[in-house]
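Below, in structure tokens: the form predicted on its own, a single chain.
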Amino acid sequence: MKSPTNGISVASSGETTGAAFDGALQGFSKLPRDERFRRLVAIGALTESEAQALKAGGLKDTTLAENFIENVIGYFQIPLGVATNFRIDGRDVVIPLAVEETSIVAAASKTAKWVRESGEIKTESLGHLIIGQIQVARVRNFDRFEAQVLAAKSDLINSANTDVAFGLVARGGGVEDIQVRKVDRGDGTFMAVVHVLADPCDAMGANIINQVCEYLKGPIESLTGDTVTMCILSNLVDTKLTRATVTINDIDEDLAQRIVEASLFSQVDPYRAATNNKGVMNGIDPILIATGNDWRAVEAGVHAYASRSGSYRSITKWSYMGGQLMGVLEAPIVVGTVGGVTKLHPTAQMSLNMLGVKSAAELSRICAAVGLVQNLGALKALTTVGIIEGHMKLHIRNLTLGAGASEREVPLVQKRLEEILMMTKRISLQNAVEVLREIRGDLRVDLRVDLRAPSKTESGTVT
């Protein structure tokens, strides 16, 4: 195994690690919002101006949106939270998560604290090249086609780097290799697929690799006499993988074995694997959204990679040996820290600053680490208290608001719903509606009592 790549820092304005970092984020979930801002500014995760922008509610002017997509009518805002307690490759990191689902932020923070106290998180990058594809739908003679393309490989690479990818070359990247694949069409004939492999540096690289492939279309047709039918990048980037490893020391053996069994379930059963991997992406997607990255591309690549054996499997694997639980996540998590929305959207820039990342590789490693920690938290909950006590308990507030409870009524409804959940192990919006009706009846009685007779303190004084 390669040694981890270092360099993850707390924030661009400086590092705060160890006891100072822990103290600033102690009890973070219970703090008022203004105090959360104050502490994030104190440790350098936010600047004062960023905190003020978030307090003001983020973007309101649609001018920026007009440059992102077509037919703009406004913004759809997703809650932005932070996961705490993460120490990745020995560095403390505050994780921005843009997500609408209850319990994700809480679960990530809680599990990261367990790992922080009893183990560690290590990450590494495996490979650095993205893939572009040039398809010849019906190749006349594959062996001849392959020989002609590979014979001209150096010239094709040099011309692509000189005429198209010169910006990447200037930053230390560019096209590095060309390969040819033979793909069976299933009708007795074959298609030829040219893979163009390039180092995108800190960009995701979709636009530039597409331009390179389109540029090479003409030269390849001239070389071979075959007709190129399509040019497009691939999101299955198995040449640019990210690996995260989480270890928990001195874990209760029974708990460890439960987690290992749950992991095996997701390795051998695609029905379980789909839900397991969705849970992993619960940790990854919110970071991608917060940093303005193409989360759909990463999702596609991860799920395709999970199927590489011919059967859909988990992208995480947990094992137990010698009192130590170890989990590994390996997947293509291709992200960027420059270009597009990542560069233009102020909240995406703020999120990158909060993470303190200086490269796309660092960002992908953080994503992998959070995804694996989220997976650990889910497996622990599922094999102990179950999904109801964890996820549904946090979901109660959503049900309460959905039933129409006022600010005054929320804590009363929540308390009653928690009691119902503990007794029945299930809860629904209908329960919340019924509880709210009961409470409003009780409140009307209380109001009548308040109006009819003055109350007394314990000393007998009228109040």
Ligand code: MEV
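All residue numbers are counted from 1 along the displayed sequence. Model, not experiment: these values are computed from the prediction.
Below, we turn to the form predicted in complex with the ligand, even though it does not appear here.
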item: The ligand contact in the predicted complex: residue 224, any heavy atom under 4.5 Å; value: no
item: Close approach of residue 101 to the ligand in the predicted complex, 4.5 Å, heavy atom; value: yes
item: 4.5 angstroms heavy atom contact with the ligand in the predicted complex for residue 272; value: yes
item: Non-hydrogen atom contact residue 94 with the ligand in the predicted complex at 4.5 angstroms; value: no
item: Every residue of 282, 378 and 382 near the ligand in the predicted complex, heavy atom within 4.5 Å; value: yes
item: Option from 152-160, 273-281, 208-216, 351-359 whose residues, in the predicted complex, bring a heavy atom within 4.5 Å of the ligand; value: 273-281
item: Partner contacts in the predicted complex for 283-319 (non-hydrogen atom within 4.5 angstroms of the ligand); value: none
